[in-house]
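The structure tokens that follow cover one protein chain in two forms, given apart as structure 1 and structure 2.
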Structure 1
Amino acid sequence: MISYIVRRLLILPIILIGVTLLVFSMIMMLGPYERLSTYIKDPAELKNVDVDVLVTKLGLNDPWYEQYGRWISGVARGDMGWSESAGSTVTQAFLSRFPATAELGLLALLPVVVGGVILGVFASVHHNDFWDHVSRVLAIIGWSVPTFVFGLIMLMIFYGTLGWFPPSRLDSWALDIVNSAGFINYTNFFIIDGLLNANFAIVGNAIRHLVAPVITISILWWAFIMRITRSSMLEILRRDYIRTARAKGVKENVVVYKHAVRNALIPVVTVAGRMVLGLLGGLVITETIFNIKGLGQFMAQAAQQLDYPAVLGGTLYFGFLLILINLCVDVSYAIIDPRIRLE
């Protein structure tokens, strides 16, 4: 198992170099003046700028391999460069935005996976009857409504009309507490920090701010998980060992939840792993609408401003995450299914 993990980690650099080269070559499709726009966002900034001097200073005219080499050797030294759109170093920009995204992502993952699996099991148990159709159609509708429409409607109802779930991560008063000297930011995950500081008002406030975005994400991905679970369950429920279990006199609930679900989870784990990356991409919209300054929103913004140090840094980060997720998927296979050995 350990040698397997080590071997998977060994291909990490290959993937990372490949993926950054891919993005870099895309960026190099633009001319130097176009890439200059990262630094000049408004015509007013053209006053007294010698564009050619700026191009030379930033090295935008050098051959691509020199520019890439400069960047990658910086990375090797732990310097990911300066992100113009964040106004800080790329590393800083990522560190300050990571907790928001991770908090939202992890919190959403739970209802998405658990809710999706429950829905899928429910539909498979009711295969082809009324409830199966209803839950399937509802899930497909959830999948079919664009996130930006759904998110804005959520905002309109739960903040605009009812005032329950405000946007951003914390209220102003709570941010003041979090930023004050008496509050120790262990993780910058406000829920965890609130608990560690025994400040439950912060915890409550953080949760309140997360409800609407979590629902928005969940609605979208439920259909995805549910669908896989359902078809996987339908297949498993026809397996001989399910009949064996029934023939033993096992209760139907136990048959479904003990004997079937664990087997049915194997394909679900695969897609859930793949989903995590898609979910992170999907956070672009959710974070934008609910004003959560996280990685998704940052990456979209950086991409649109052609802030390529940030884009490349993000690519590294996501590539790393992909390998990590795949590893987690493989390990959880081994946990769920004793037949699989990681070698």
Structure 2
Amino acid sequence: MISYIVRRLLILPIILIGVTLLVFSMIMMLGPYERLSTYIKDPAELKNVDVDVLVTKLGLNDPWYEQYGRWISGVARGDMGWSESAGSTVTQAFLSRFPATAELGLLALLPVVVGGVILGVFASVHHNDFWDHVSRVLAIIGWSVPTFVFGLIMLMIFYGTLGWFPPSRLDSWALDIVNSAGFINYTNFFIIDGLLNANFAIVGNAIRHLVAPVITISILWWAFIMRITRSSMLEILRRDYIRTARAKGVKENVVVYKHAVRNALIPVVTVAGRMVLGLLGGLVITETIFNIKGLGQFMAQAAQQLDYPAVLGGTLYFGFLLILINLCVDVSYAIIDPRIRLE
């Protein structure tokens, strides 16, 4: 397995070059004046400057391979141009918004996967009885209700009526503390930074703001994971080796949780990989409803405003994230089922 991981890591730069070539081909579909923004670090550079001279200076009429070399060297340095929608460089915009998306996504990941797997196993073990029917109905409802509808219901009930879980990431008093000189922002993850600063009021406030959006995300993916787990478990429970184990008098808990569950997790891991990509890639609807300034909200605004550098930077981010997640999924296959050989 180690040699497989090493080979995949060595291939990673080649795959990334392919991704960057694809992204660069998108850039080349634009005219030189439109591509100018991808090479500008600050709009002040355009003041009192002849644009035609600047296009020539930056070589935007040069052959594509020369332009690609300059662009990829800038990307390698973290220079992806100026984002008009963010009012900063693309790199700064991503670094400032990634913690909000990651904090929300990672907190939603655990209840979704654990809850979905547990309920899926429970439904399969109680196949066609009352609890199975109840869980299936709840899963269908959870999968059918649009995210924006459920998010608005959560906002209306738990904030508008009860005042429990407000939108955004922190209350105004908590933001004042976070932005003060006495509070050190180590990671820009408010929960982690609150713990590192021993300020548990910030930790509690950050968690309070995340409850409603985490539930909103979890309902959709929980229903999906539960249905996948149930279907996979039902298939495994019909296998000959499960019947043999039961015929030998092996306890039902051992049959289910030792022999069946592990073999049923392969399709769940595949779906979970896609879910992680969606969670870390940005949750446009959820972030917009709950006023969380994350990557999803930023990329939606960039696309609406035709912010080419930000859109292209987002494409590179998604490509890199997809490659890493696929690698983790492949390795997880071999860990879950030793019969799968990656060598």
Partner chain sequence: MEWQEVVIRLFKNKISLIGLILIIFFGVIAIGAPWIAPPSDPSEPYMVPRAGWGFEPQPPSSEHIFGTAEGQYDIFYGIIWGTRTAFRIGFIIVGISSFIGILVGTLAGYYGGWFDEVVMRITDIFMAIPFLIAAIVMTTILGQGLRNVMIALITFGWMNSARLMRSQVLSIKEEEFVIAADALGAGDFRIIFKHVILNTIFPLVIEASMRMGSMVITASTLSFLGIGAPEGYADWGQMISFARNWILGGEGNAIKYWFTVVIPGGAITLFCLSWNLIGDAFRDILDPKLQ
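Residue numbering: structure 1 sequence, from 1. For clarity, a rigid core is taken as the largest C-alpha set superposing within 1.5 Å between two forms. A quick note: this is a predicted structure, and the numbers were derived from the prediction, not measured.
**Student:** Specify the structure that is the form predicted in complex with its partner chain; exactly one of the two qualifies.
**Tutor:** It is the first structure that is the form predicted in complex with its partner chain.
**Student:** On a rigid core superposition, would Ala247 pass a 2 Å threshold for CA movement between structures 1 and 2?
**Tutor:** The answer is yes, as the C-alpha of Ala247 shifts between structures 1 and 2 by 2 Å or more after core alignment.
**Student:** Cα of Thr56 displaced 2 Å or more between structures 1 and 2, core superposed?
**Tutor:** The answer is yes, as the C-alpha of Thr56 shifts between structures 1 and 2 by 2 Å or more after core alignment.
**Student:** Aligning on the core only, does the CA of Ile289 end up 2 angstroms or more away between structures 1 and 2?
**Tutor:** Comparing the forms between structures 1 and 2, which are aligned on their rigid core, Ile289 does not shift its C-alpha by 2 Å or more.
**Student:** Any chance you could measure the C-alpha shift of Leu30 between structures 1 and 2 with the core superposed, in Å?
**Tutor:** Displacement of the C-alpha, rigid core superposed: 7.7 Å.
**Student:** Fit the two forms on their core, then tell me the C-alpha shift of Val256 between structures 1 and 2 in angstrom.
**Tutor:** With the rigid core fitted, the alpha carbon of Val256 is displaced 2.3 Å between structures 1 and 2.
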